Each structure stands twice: as structure tokens, then as C-alpha cells.
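Consider the single chain below, provided in C-alpha cells and representing the form predicted alone.
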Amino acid sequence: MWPAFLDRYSGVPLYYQIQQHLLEEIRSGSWKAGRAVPSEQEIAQRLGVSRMTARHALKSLCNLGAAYSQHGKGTFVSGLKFEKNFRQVLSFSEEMRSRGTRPQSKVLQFRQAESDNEVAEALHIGLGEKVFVLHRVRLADSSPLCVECTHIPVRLCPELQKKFKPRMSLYKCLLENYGMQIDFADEVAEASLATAEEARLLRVPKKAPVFRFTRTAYLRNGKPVEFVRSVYRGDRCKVVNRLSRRMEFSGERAKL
């Protein structure tokens, strides 16, 4: 970790050289997921750089998704990419916990608004009908993973703004307070680039690769109750699905 790798005359910023060296330790497998990364004080002392340079190197490593920081504890190597699985209908919190990751949310906005064309069509409501809009940054082990904007018809969940707490699962709130159990969902994924605002919230460079998801969730009776637009970091997320050559219609195997 501590060879004399810094070239102080190359013109390449010192923080970037340090970041690349730390990144190589992670990519090579020398540092496993969950391992503590040397602190900024340790980096500064051993490499003879300023605390500001060491801090910048660690921050840029986190921005790449290769590490994450925990307040008061330090910086740690990130695990494998989060797998966005289309085979199960899970809330963000359920997905994170199923992978041994601690979910967190930062509520940016929770308000009522009039539905636009896309929201109205997805939820089978009239254009301009009132919906709750819950805009959040979702974090995994204190590192931002996605920006999520949820829409739910106001008439289905009166006083939702009072009943929902920022740290609780929205799906759990809907079940416990309104008896609404999400049963299935339609979800679409598209590759895209982060806007300036999305990049700021996700702590990635402008125009960094992202996945855009739209999701409509339904009750068992087929009634749509939730429409979500979300943006996931491309460096920390991958889409996983299971494909089969077997196709059956009305109990009979398809003939090709």
C-alpha cells in the first residue's frame, strides 16, 4: 500500500494518483468488501501529503462507488454491484436487507401535486388528479444508490403525509395503515446519463452512466396504486434476469 508511487512532477494531481492506487488495491482483490480503507490522517502522514489531498482522494473513491464512508467510523470497501432483480416485487428496504446492506433514505420532498400524463395513465386516474409525490435519495450503507420519485393517489391514502415516517418502509406503511399489499409490478429499465442535479444527489460526475427505472405497482386485484421514477448509479447497479427458451401458452408448449 505504501510504496513510493507518487510522482510529484508528472502534472497528474496527487489526490488522483492516490485514488488510482487505492482503486487498484480494490480491483485486484487485495482489499475485500467491508475492509476499512486507510484514514485521511494515515494517508497524509505516510505519503507526505496534506489532509485536504488525502480527503479528496477518499471522497473521489467513494464517488466511484468503490468505497463508502460512515460518519465517525471511517471509509470502507464497497461490496459487489447491487443486482436489480426483476423476478421479485420488493421495496428498496427489503432489497437492501436481503443483501445484508443497511438501507437509509433522505426525504427531499413530500407534497401533493396534480398528476401529469404519464402518472395519470400509469395509475388509471384522471389527468390532474391529486397525488402524493415522495422524492427521496436512497442510500445503501450510507452511500447514495438511487434517486426515487414515488406517486400515489391521494384518495387512496388520506393523511399519508402524517402516517409515513422518513425511516420506515413505504410498503409497510401502506399495509399497516391502509391494508394495501403490493402484489406485482411492471418495471422498465433504460440506460441514460445523469443530469447535473442527479449527479449532485448521487455524488457522481455529471453525465455519469445511470439506469432509469419506471415502475407501476399493483394490488392483487390488479388496481395500480404506485408509480415510481427512479435513477440508479450505473457504477453500483446491474440488471439481472433469468431467461428461458421454454414458452408455454394455455398449458401448451409454443411451436417455433
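Rigid core: the largest C-alpha set superposing within 1.5 Å between the two forms. The structure presented is a predicted model; accordingly, all values stated were derived computationally and were not measured. Position 1 is the first residue in the sequence shown; the rest follow in order.
What follows is about the form predicted together with the DNA, which we do not show.
S.K.: Partner absent here, but in the predicted complex, which of 141-149, 172-180, 158-166, 69-77 has residues with a heavy atom within 4.5 Å of the DNA?
M.R.: Every other range fails; the passing one is 69-77.
S.K.: Any chance Y15 has a heavy atom within 4.5 Å of the DNA in the predicted complex?
M.R.: Close contact exists here: in the predicted complex, Y15 approaches the DNA to within 4.5 Å, heavy atoms only.
S.K.: Can you check whether R51 is within 4.5 Å of the DNA in the predicted complex, heavy atom basis?
M.R.: R51 belongs to the contact set for the DNA.
S.K.: How about H56 - does it come within 4.5 Å of the DNA in the predicted complex, if we only consider non-hydrogen atoms?
M.R.: Although the DNA is absent here, H56 would touch it in the predicted complex, with heavy atoms inside 4.5 Å.
S.K.: So in the predicted complex, is the DNA close enough to Q41 to count as touching (4.5 Å, heavy atoms)?
M.R.: Yes, Q41 is a contact residue.
S.K.: Using a 4.5 Å heavy atom cutoff, which residues in 134-150 contact the DNA in the predicted complex? It's fine if the answer is none.
M.R.: None of them.
S.K.: Quick one: once the rigid core is lined up, does K73 have its C-alpha move by 2 Å or more between this form and the one not shown?
M.R.: Indeed, K73 is displaced by 2 Å or more.
S.K.: A36: CA shift of at least 2 Å between this form and the one not shown after core fit?
M.R.: Comparing the forms between this form and the one not shown, which are aligned on their rigid core, A36 does shift its C-alpha by 2 Å or more.
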